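Quick heads-up: it's one chain on its own, the form predicted alone, in structure tokens.
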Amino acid sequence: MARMLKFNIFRYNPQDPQSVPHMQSFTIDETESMTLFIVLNRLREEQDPSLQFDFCCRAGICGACAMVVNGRPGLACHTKTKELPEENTLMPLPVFKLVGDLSVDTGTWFRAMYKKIESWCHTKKVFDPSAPEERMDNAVAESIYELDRCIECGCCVAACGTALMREDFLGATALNRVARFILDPRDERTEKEYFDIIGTDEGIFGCMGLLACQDVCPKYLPLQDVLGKLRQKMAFAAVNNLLPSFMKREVKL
């Protein structure tokens, strides 16, 4: 016999002056291979068309359906109801601007973050569209691709203790992005230039090392290794500024 599932969902429309934050309960019958994505679409189609949440790809690629499920950030399309209890609580991701109910604006945050860390290849080379593509060692390309799999869902930011307390903290996704450009041989920024971006308490030294970011990442990015190596690299960069050249050391990512 199919279970009857109960979902306590956060409701609030900040654009409606009459709206106040509250929880609303819904019940729905569980079907085979049901995901939270299916649940929310059925609730909107069958019970309350005003329910707001985001979705796009339904395949764990776009990151739009991220929300807090029973206290843990995750993707609705990846969350199977068979792994959930009969009563559940759904909340919007914290840190980001609330659009309504379970919908938040991650785009504005990510644009501002990428602008702050200058998320593009810095080079003095003049682009020549007729030139052959630059070759890259396969191992380097694979390392860059591994860090480039971030889908910008915002789960790591929502789970970060520092990000919840400080608006100026870059967060794991920005630090992972910086690590990606440090690995990229086409980027000509110096170690000092990278240190100026992330070598502060707004960057890698603001991380408390709780590693909730990696724990909730739906793409299983190696954030623990990335953050650890970045912290080591930036620490050595700070020390190297005080040492004579023959004593300086370099840390590889």
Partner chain sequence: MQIFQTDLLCIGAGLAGERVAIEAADNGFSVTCLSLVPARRSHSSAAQGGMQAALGNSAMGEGDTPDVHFADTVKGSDWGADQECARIFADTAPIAMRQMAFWGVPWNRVVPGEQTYYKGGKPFTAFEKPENEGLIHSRSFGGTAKWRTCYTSDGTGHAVLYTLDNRAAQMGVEVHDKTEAIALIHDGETCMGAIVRCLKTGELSAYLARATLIATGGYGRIYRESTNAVICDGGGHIIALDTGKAVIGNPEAVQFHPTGIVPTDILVTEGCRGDGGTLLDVNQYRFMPDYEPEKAELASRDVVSRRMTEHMRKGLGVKSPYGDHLWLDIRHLGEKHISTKLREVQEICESFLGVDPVHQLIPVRPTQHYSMGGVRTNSDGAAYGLKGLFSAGEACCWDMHGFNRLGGNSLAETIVAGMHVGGKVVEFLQGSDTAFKTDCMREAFSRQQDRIKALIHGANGRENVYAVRNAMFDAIMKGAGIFRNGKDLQESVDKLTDILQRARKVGLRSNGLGANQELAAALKIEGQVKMALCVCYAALKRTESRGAHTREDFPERNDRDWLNRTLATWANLSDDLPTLTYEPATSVFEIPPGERGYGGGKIIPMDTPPVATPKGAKA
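Note that this is a predicted model, so its numbers are computed, not measured. Numbering follows the first chain given and starts at 1.
The same protein also has a form predicted together with the partner chain, omitted here; what follows describes it.
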Gln52: touches the partner chain in the predicted bound form, heavy atom cutoff 4.5 angstroms: yes
Close approach of Asn88 to the partner chain in the predicted bound form, 4.5 Å, heavy atom: no
Pro129: touches the partner chain in the predicted bound form, heavy atom cutoff 4.5 angstroms: yes
Contact test in the predicted bound form: Phe37 vs the partner chain, heavy atoms, 4.5 Å: yes
Region of this chain that lies against the partner chain in the predicted bound form, out of 195-203, 25-33, 224-232, 208-216 [heavy atom, 4.5 Å]: 25-33
Contacting member of Ile144, Ile182, Val95, Leu84, with respect to the partner chain in the predicted bound form [4.5 Å, heavy atom]: Ile144
Residues Lys116, Met165 and Glu191 all lining the partner chain in the predicted bound form, heavy atom within 4.5 Å: no
Residues of 100-129 having any heavy atom within 4.5 Å of the partner chain in the predicted bound form, listed in sequence order: Ser103, Val104, Asp105, Thr106, Gly107, Thr108, Arg111, Tyr114, Ser119, Trp120, Cys121, Thr123, Lys125, Val126, Phe127, Pro129
